[in-house]
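What follows is a single chain, given as structure tokens, in the form predicted alone.
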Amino acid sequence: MSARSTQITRTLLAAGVRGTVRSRFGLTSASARRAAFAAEWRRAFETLGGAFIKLGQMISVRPDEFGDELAREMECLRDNVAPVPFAQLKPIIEASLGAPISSLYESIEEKPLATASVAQVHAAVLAKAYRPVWGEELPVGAEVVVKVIRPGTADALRTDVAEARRFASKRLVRRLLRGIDVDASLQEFAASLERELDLRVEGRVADRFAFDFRPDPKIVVPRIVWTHAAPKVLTMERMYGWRLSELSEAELAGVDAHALAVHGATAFMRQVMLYGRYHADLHPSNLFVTPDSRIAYLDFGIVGHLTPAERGDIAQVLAGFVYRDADRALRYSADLGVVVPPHKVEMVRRELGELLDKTMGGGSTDFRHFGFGFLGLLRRNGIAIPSGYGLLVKSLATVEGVARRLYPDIDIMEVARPFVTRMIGESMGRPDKIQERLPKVWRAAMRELLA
């Protein structure tokens, strides 16, 4: 057994022991027990670093699969890694871009702006003007950031994934994680990690978002410098602004936080309902409020994709939520892969109706509590939740939380209403839907004629 394998085994087993003690050997309530173990797993993942940080980040956006307590705890995960000396990154940049750094950048700061388990980011200044795929030209002297995959990272992360698979295959771990498709989750994680190890993927997604929002003066995405990009290096426009934890400073500078909250929520609905591509990791570090009152999107590591048919079904599900119509929500959720067994339909419908009345009624809505409550309801009843469905619910809840930091009284369902109406109209006009509804329309017409 390698030293890393020994470290992983000891750290995770110790976390399990501490969780058992904190939960009084299982004598506390189920929610307290889950919270105790979640906190210990998060601390263990922080200690292990590497792929475990990235795995924790994936868990944080999948409450449908891993439960609310663990997902919420993993949102607090901190990527505390020591910076790599710039001397080790310089040859990676030059080999990747095929030129000396002095010809690529007027200057580059050796002290990093940010460090993480996969990459490190350094501020730089362009040596030559560049015409990006979208947007205005970046002139000579434009401020950019250079994101570089840390040396040895790919091999280390792949080793960690292999170790995670080995650990997850143990009988005790399988029992602790019963109800979770561990193999599928680790396979999904490994594929996501491979995409993250090629920084060009992030660049292409950023350009796609820039294209989607090109008519919107309130949304900005960093421009990518493709002549200074490779699998291990990505150069992009530098963004300045305030994180959501710094909003008091932004408002003092004259930024209209309330207007941006509504605009940001509307922009997300456009991503889901109109474009079929949405930023699925909108935590505060991935959003800036800029000095000129725009919203800057950063870090496109987790992106959701939806087909036109799925967008129509999602609109119907949201309409069920808005109008507290449990039957509609369940009927169209089935089209998205959430299939309720016949013998559980009545019970699930009743529980969903109660949840809708509790969280979406009384003149105000609380989508976060509703969304996570709905996923929990499905999970308690042993109903499989497709990964895309859970990811979207989590993303909507996150957007509501982000918007409420800017504007506490925002109603995310009111923002969604016009998009839902439009999508339902469009989906009902699709040929496959018309074909599906024709027999029902014909039978109804015959009953009227023969009455």
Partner chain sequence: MADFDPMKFFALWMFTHDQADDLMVQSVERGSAVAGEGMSGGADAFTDGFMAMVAQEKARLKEQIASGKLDEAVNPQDEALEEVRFEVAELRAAVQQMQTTLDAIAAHVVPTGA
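Between two forms, the rigid core is the largest collection of C-alphas that superpose within 1.5 Å. Because the structure is a prediction, the values reported are computed rather than measured. Positions refer to the first chain, counted from 1.
Separately, the form predicted in complex with its partner chain exists; it is not shown, and the next lines address it.
In terms of contact with its partner chain in the model of the complex, the residue from W134, Y105, F288, Y275 that brings a heavy atom within 4.5 Å is W134. For the candidate set D281, D366, E196, D325, a heavy atom within 4.5 Å of its partner chain in the model of the complex is found for exactly one residue, namely D325. Contact with its partner chain in the model of the complex, judged as any non-hydrogen atom within 4.5 angstroms, is confined among 400-408, 24-32, 39-47, 416-424 to 416-424.
Contact with its partner chain in the model of the complex holds for all three of R200, D207 and A229, each having a heavy atom within 4.5 Å.
Put simply, R214 is close to its partner chain in the model of the complex: some heavy atom of it is within 4.5 Å. Using a 4.5 angstroms threshold between heavy atoms, S117 stays clear of its partner chain in the model of the complex. For V303, no non-hydrogen atom is located within 4.5 Å of its partner chain in the model of the complex, even though that partner is not displayed.
In the model of the complex, its partner chain lies farther than 4.5 Å from every heavy atom of P342. The partner is not shown here, but in the model of the complex the stretch 90-107 reaches within 4.5 angstroms of its partner chain through a heavy atom at A95, S96, L97, G98.
Core-superposed comparison between this form and the one not shown: the CA of S31 stays below a 2 Å shift. With the core held fixed between this form and the one not shown, T47 has its Cα displaced by under 2 Å.
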